[in-house]
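Encoded as structure tokens, the following chain is the form predicted on its own, with no partner shown.
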Amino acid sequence: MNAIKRAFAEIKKYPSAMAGIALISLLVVLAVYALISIPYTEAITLWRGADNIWIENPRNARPVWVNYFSRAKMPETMIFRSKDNPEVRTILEDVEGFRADQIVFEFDYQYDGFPTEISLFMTSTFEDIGPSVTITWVKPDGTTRELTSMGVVKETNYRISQDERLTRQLGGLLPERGLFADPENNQVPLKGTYKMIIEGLVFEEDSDYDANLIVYGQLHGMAGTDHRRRDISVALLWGTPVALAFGLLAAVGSTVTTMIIAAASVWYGGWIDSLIRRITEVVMILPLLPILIMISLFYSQSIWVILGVIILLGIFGSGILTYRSMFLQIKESGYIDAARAYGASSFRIIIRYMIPKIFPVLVPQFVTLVPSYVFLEASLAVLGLSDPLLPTWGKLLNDAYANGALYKGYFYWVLEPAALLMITGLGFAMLGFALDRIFNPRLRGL
């Protein structure tokens, strides 16, 4: 404990180390929040996007905070539900099982841009005859337009933006523009209070219907959405524990195991030392990235398989030679001879007396290795060779590249995961370099 207190006191003398700890702490908080708020199975289900999970999200919507940096106020998604707001429904007539009612969705539109889509989702309950509705649109200037009349089945989706008949009525303008356009200039929206009036007829006593109006905006959520309407924040949040776990496990697995093998090689010597050196020489000439690509293509893209291969190849890397040279000096130390004299076992000498001596070198190296493995996982994901189930930062970058995000102006799709990768690298690098100065006396004066 005293050693830890002294080390922390030294760390506090380096502002870069404290900044690195702050960035790493932020990432840990995000990782914990992701694990608590979005369980693993839920995250996988959300990212697969099955069963119309994201149907109420717009496609390729920028984050809502974009409005703070733009002169023009872009529209955000607006959702209106009759079931959650019974005050929007008015009963006009109710006689012996026949009912006429009216649902009015009213909203104030003060944006400088047009929505991207408009949809009406309706559900109903009935036995033989379903409800019938007439849908009318009212603009702020009082202009009224009947959109359609239709029967409502169990689930009825009226994609107003895809109504070709309505497009022709609007003079070729898409409904999401024509229904909001200023009569004097159809290039800008008419600001004011809009209404959608749904007049319904119910023909059975226990029959009923509900409606959800969604006016899809150009902005949505704190992180925006992708081409499949998925909320990018899911991958940003869940990419944090995946990246940290991958980097930490790879760094721990490779450095600690490498150190133990190097110590055993030096202590036992002979054919054990020769065998370990020959294996190391072979592994050092093997290209890591092409091997990982081949495994992803021909065997498995599971992140755990990739992690195991990285650790296996990392164990017999150049680090063994570095540690070996250190252990050769430690082996000749007087306290090692003393340990031999009182009958300490080889295992005790390696674990208790040799390995702790190079911990000052191991800690900084371990910290700086973490982001390199995080970037390696992201690189595989960008190449399309990552785990197909997990939402990660690299997967976001791969989707963005595959769908031309930069060419279409969806910069947020690239910048958000890239920023988190940069924060990860910067945080661990700042802390690692500071620890290197603390634990390596020759660097303290630099």
Partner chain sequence: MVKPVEVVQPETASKKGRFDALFRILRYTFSRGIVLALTVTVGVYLAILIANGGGHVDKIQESLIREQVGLMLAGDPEFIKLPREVRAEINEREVRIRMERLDLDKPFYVRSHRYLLNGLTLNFGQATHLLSDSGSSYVRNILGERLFPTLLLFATGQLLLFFSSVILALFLSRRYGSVIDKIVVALAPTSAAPSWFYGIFLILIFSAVLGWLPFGGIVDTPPPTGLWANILSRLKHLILPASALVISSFFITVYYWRTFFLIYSSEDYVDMAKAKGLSSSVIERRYVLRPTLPTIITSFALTLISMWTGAIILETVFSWPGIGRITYDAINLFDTPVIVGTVVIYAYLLAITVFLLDIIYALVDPRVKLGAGGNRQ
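Numbering follows the first chain given and starts at 1. Quick caveat, the model's predicted, so the values are computed rather than measured.
Keep in mind that the form predicted in complex with the partner chain is not shown, yet the notes after this line are about it.
Between the partner chain and the residues Met150, Met74, Ile349, Ile293, the one pair within 4.5 Å by heavy atoms in the predicted bound form involves Ile293. Residue in contact with the partner chain in the predicted bound form (any heavy atom within 4.5 Å), chosen from Leu389, Ile38, Leu30, Leu415: Leu415. Remark: all three candidate residues (Glu281, Tyr299 and Phe375) come within 4.5 Å of the partner chain in the predicted bound form, counting heavy atoms only.
In the predicted bound form, none of the heavy atoms of Arg177 sits within 4.5 Å of a heavy atom of the partner chain. The partner chain is not drawn, but in the predicted bound form it has no heavy atom within 4.5 Å of Pro241. Taking non-hydrogen atoms only, Arg277 approaches the partner chain to within 4.5 angstroms in the predicted bound form. Using a 4.5 angstroms threshold between heavy atoms, Asn85 stays clear of the partner chain in the predicted bound form. In short, of 41-49, 63-71, 22-30, 393-401 it is 393-401 that has heavy atoms within 4.5 Å of the partner chain in the predicted bound form. Heavy atoms closer than or equal to 4.5 Å to the partner chain in the predicted bound form belong, across 400-425, to the residues Tyr401, Leu406, Tyr407, Phe411, Val414, Leu415, Ala418, Leu421, Met422, Gly425, ordered by sequence position.
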